[in-house]
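This document opens with one chain alone, in structure tokens, the form predicted on its own.
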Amino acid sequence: MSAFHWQQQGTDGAARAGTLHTAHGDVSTPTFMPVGTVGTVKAMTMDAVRSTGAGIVLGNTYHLMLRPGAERVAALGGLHRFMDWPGPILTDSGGFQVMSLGALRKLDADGVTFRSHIDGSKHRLTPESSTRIQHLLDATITMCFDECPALPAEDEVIAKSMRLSMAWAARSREAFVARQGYAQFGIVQGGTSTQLRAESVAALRGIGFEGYAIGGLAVGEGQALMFSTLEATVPLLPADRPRYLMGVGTPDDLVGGVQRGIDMFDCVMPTRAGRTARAYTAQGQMNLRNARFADDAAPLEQDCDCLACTRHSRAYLHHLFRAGEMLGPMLLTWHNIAYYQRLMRGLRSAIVEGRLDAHAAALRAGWQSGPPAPAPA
């Protein structure tokens, strides 16, 4: 087994194509990680996830520590066996989820005390315990524990939070058990301040991690500000390490992130959209609840090889949602994850072939075109 590392295969401007080598297999980048928060990508079997071409999925420390418990998962063979995913798994540290609890949590310099959203029971997370839980889960990629302030916030609040996160990053690193093919990523914080982001990067590089994530974006600041923050931050990161933009996002966000040098993404958007009848396609979004699809015999998307598109019509998908059948969310989630994976493969090919900007322009033109008129039965 080789050491965890990212190997570059091509560049186009700031964009990179490469391969992530891990203890649980290799992943082509840029890559989108389906979110499997509690050990499942909602509405999908892992065979279905595999069929989309996904190479890595995400789990969450906060949710899994509460239910079923990290020790239980470890006793049952680890998260890979537990959820039937032998490939790489990245685990979010739980910091974002804990911070979102509001009045249910209390922050101090050592960590966070909080009450479970499930049953109100009292728990505590620190950099050390978060890292230990991720170790018990057998996460391929462990995220350091960070603090995520609610935005908008004053510069002093963001600065204080970022510096606390950097102190926690050092403690997370000390608690991390290094193993061949495993990694821990530091998380860059600092809001949209280029100065604070630079300070955060310098602190993380001083500690030293196998990869670097950019957190605290896509939280309402707008796409233009997110992109300008990436343009100021990404060049400061080590060129030989993977770069992960956390919690992002729409297909257009992914394209813009790739153009600015990001290698890894995750977001609940495609799975959540699938459960609410929204499909992502090369012609933009479709709401399958709309009456215009009731008699539409065309497949959801002509060139998609997912089960929703190869076996069923838009009319059938519309019917499933109108009838409240669970198969509708399952099929549409499958399609959306397949679309995101196809989007990533297309971006990778365009980078290797040196045509990324033209490819990105064509993608955006397609999204603006809208779906064609309904096909008659």
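Residue indices: 1-based, along the sequence shown. Every value quoted in this text rests on a predicted model; they were computed, and no experiment measured them.
Only in words, not in the display: the form predicted together with a further copy of the same chain, which the text now covers.
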query	finding
Any non-hydrogen atom of residue 345 within 4.5 angstroms of a further copy of the same chain in the model of the complex	no
Heavy atom of residue 82 within 4.5 Å of a further copy of the same chain in the model of the complex	yes
Touches a further copy of the same chain in the model of the complex: residue 315 (any heavy atom, 4.5 Å)	yes
Partner proximity in the model of the complex: residue 325 to a further copy of the same chain, non-hydrogen atom cutoff 4.5 Å	yes
One stretch from 198-206, 288-296, 106-114, 183-191 that, in the model of the complex, holds residues within 4.5 Å of a further copy of the same chain by heavy atom	288-296
Single option in 153, 239, 76, 225 placed near a further copy of the same chain in the model of the complex, where near means a heavy atom within 4.5 Å	76
Candidate from 219, 170, 307, 157 lying within 4.5 Å of a further copy of the same chain in the model of the complex - any heavy atom	307
Complete contact of 50, 275 and 330 with a further copy of the same chain in the model of the complex (any heavy atom, 4.5 Å)	yes
Sequence-ordered list of residues in 159-178 near a further copy of the same chain in the model of the complex, where near means a heavy atom within 4.5 Å	none
